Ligand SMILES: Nc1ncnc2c1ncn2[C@@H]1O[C@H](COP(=O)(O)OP(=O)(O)OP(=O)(O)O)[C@@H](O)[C@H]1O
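We begin with a single chain expressed as structure tokens, specifically the form predicted alone.
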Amino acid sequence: MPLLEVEDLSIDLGDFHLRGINLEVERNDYLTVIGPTGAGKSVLLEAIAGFYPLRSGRVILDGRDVTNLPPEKRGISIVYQDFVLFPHLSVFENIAFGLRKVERNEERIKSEVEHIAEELRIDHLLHRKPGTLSGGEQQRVAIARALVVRPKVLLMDEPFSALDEKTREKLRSLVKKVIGEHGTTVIHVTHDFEDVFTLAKHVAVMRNGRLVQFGTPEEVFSRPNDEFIADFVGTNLLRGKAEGRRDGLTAIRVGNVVLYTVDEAEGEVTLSLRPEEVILAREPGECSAQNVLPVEVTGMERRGHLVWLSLAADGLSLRAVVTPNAVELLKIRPGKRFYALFKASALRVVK
């Protein structure tokens, strides 16, 4: 039985609606929720937490219908991107705040707070006030406060977005370790795909108040349900026509070129190809890639640690991702020509 079940959940908030959300989250799962701004991701979290009355539907937690219970009775904790700490209380008192509502033994409170603070590496800050801490330290305090009460489900709404890139990386690793040790079930709203690839076991994609795809990161990013999802997650979608099987591979004509996939297909097909599966080389050489295309670089964009490339081949366009080191090593520039290489196992039939 799933730990959390959301059944046909609908909410009316004036000019915004959630409609017919069905979701199951297994115990110890780590679910990331992605989608464009305004898709309803935060509203879904807060509906699960009990902050909004439902127009219809139910929220069932650990076999118990909690639809009509107030937030504090649900066994759910939530962490926001802006920390929401009490500025006049010490770090210790901030962490202990929710715990004091369910635990009266001061020695036990002290022990629990010190333990979670040590796990999150903020035990040396317990005497400090939040205003004297860095953003990363404040967020660790907020996470400690949420975890110390041992929630059945931890909800996190963009918890790393207010932090610099280096701090985000460190906090992701720490949160992954601590969440794993606690066996906590997490639903995490994010715009950052690094959160998905680093932390998630499952991904839910939302659009216009509806859940439009659910699956593992591999399923969602390699086999998006439609063009909107493919564009949102950055997957290349190619349309072609199957030309039969050869040596265990299906030949697909896309534009003026023939590509090969391990998937079986007939007739008109849509293919997906993750940008990170595309390798650029000056010469085709000898490699295991069954697909080798001469391409021209038509655009470049730096995003964090990676560079996104726009490539034009004979009758098709591709996006690829490379490191800045690769850009310098290969002297990649707009207008230059290379070979794009990718395996038949990377080219997947969507429909």
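All residue numbers refer to positions in the sequence shown, first residue = 1. In this text, the rigid core denotes the largest set of C-alpha atoms whose superposition between the two forms falls within 1.5 Å. Only a predicted model underlies this, so the values are computations on that prediction, with no experimental measurement involved.
Beyond what is shown, the protein has a form predicted together with the ligand; the following relates to that form.
- Shown alone here, Gly50 lies farther than 4.5 Å from the ligand in the model of the complex, counting heavy atoms only.
- Looking at His191, you'd find a heavy atom of it within 4.5 angstroms of the ligand in the model of the complex.
- Taking the partner from elsewhere, Gly57 is found to have every heavy atom lying beyond 4.5 Å of the ligand in the model of the complex.
- The shortest heavy atom separation between Val66 and the ligand in the model of the complex exceeds 4.5 Å.
- Between 30 to 38, 290 to 298, 319 to 327, 303 to 311, the stretch whose residues reach within 4.5 angstroms of the ligand in the model of the complex through a non-hydrogen atom is 30 to 38.
- The partner is absent here; in the model of the complex, the one residue of Glu137, Glu119, Glu112, Glu158 having a heavy atom within 4.5 Å of the ligand is Glu158.
- Along 1 to 35, residues Leu13, Gly14, Phe16 each place a heavy atom within 4.5 Å of the ligand in the model of the complex.
- The Cα shift for Gly315 between the shown form and the other one, taken after rigid core superposition, is smaller than 2 angstroms.
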